[in-house]
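Below you'll find only one chain, the form predicted on its own, shown as structure tokens.
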């Protein structure tokens, strides 16, 4: 997944415009890139791993002389960053080229079927099943449009597709489902892209495709239809007057806010994990006598939450450990019976990799969770799972945190099933609750954003915030505090609420704001007691609580409500959203750039 461009023009200048469009998508992050066009009735495909400018120096994208070109910058999710795995992908006969963003859930099943039918695959990507399925449509006598329809009706998952074929070289077929794709109406032709900034210099007349729609672009026209029934769609273009900087953020003022809003989709992608990888990770964990989650920063907080998941679901004790303390604290206890689950968004975090190397030298089994295929962590792990959150530009992690949680929850559930610790009814119920999370997060973002702004305005001049939670909500409190500290620079502390009387309550005085994570779970009675302790000493209480919780509301000065019915082990995912928004808007209110917090980097690769 990453960036798609396509253009079909009256003149043969498509390669230049496609290449320039890809350059404008570099901000999204990528590991490989490629383009395909049609010259004299034949497909010409150029692609490689690396940076666009370097690839262009090697293979010269601009040599493609065509009026029709599709291009792609890839952030690997299936298959390492190599030339073979770079997009575009083609069919056996060299008649179809495809670029794709998203995750195809059933690609392995389709690939096995296609191989059995005689198809030859060149890559290890999920995308490559698409051109072969289109080829199957041709075999059935369909034209390009109906062959693409045949293909997309067989795939499951998220996808934005741009497809060209030598059989009908006068059109680009675009398809959209849970992955963004836009059409641009230009004076000189038609464009498509995953992001507006890619094509903004060529046209500001934009149509956004919606889920379940397919479009046919010719150089002088377009049509949009619904995949389900083929019915036509009429939609007027939107005139975009954004600056290039705003366009890169899709209209959001900062990448951090954009990425907060992307979480429903990143969570949906996080639920599209391959079963065999979940089984493999779970098998390694089941064999371990000592199991550690090793991580740093936000990933460590995800590990803290996961330790509760593993304990309550799989009835297994997992130690979350700050990576920089792992060797000193547990090094002498590491042996062949140890499993280390390393969690790192970048897969390059120095302290995490140092801990992993130490564990490997002592014969421990290392498994990993990362957002970056081809990273060091993927190379040194016995097995790994990709979060599939897509690139994250903002330094303060948001969508990678929640996607780590949803991946860890699935591993805990799979391990529980493997160990026979839950009934099938309990497994089915938890799985159902998991799949509700993306929609709940979407609702939380929509319902809480304006409320968060009001609370920020009320507390903007405070110079200390305290975050508390109990049980798994301790992890939510820790992450909320980190976000506020990182980007607004306000001194903040977070701790398990039960620790208040062991010291922290000493700093509570009149007017001190205390943010309480208070879901309706097994800790609710105790957290109410903690709120009353704080109120008795003059604290102002901001509670993140379940919608309709009158008792919490009456004890609080301000509340942000979360939809009812969230499983207690999944509460950190929706309950952290208001805290991310709170940190973001507080930073903006104070005049700080939340995308570039001082003294911090996206990936800590030095000691």
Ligand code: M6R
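If you're wondering where the values come from, they're calculated on a predicted model, not measured in any experiment. Residue numbers count along the first chain shown, from 1.
The following text describes the form predicted together with the named molecule, which does not appear among the structures shown.
Novice: In the predicted bound form, which of the stretches 457-465, 479-487, 209-217, 274-282 has residues with heavy atoms within 4.5 Å of the named molecule?
Specialist: Flagged stretch: 479-487.
Novice: Among the candidate residues 293, 129, 98, 396, which is the single one with a non-hydrogen atom no more than 4.5 Å from the named molecule in the predicted bound form?
Specialist: Filtering the options by heavy-atom distance leaves 396.
Novice: Counting any non-hydrogen atom inside 4.5 Å, which residue from 158, 307, 298, 523 sits next to the named molecule in the predicted bound form?
Specialist: Looking at the other structure, the residue within range turns out to be 298.
Novice: Taking heavy atoms only, is residue 345 within 4.5 angstroms of the named molecule in the predicted bound form?
Specialist: Yes - in the predicted bound form, heavy atoms of residue 345 and the named molecule come within 4.5 Å of each other.
Novice: Taking 4.5 angstroms as the cut-off for heavy atoms, does residue 349 touch the named molecule in the predicted bound form?
Specialist: Judged by the heavy-atom cut-off of 4.5 Å, residue 349 is in contact with the named molecule in the predicted bound form.
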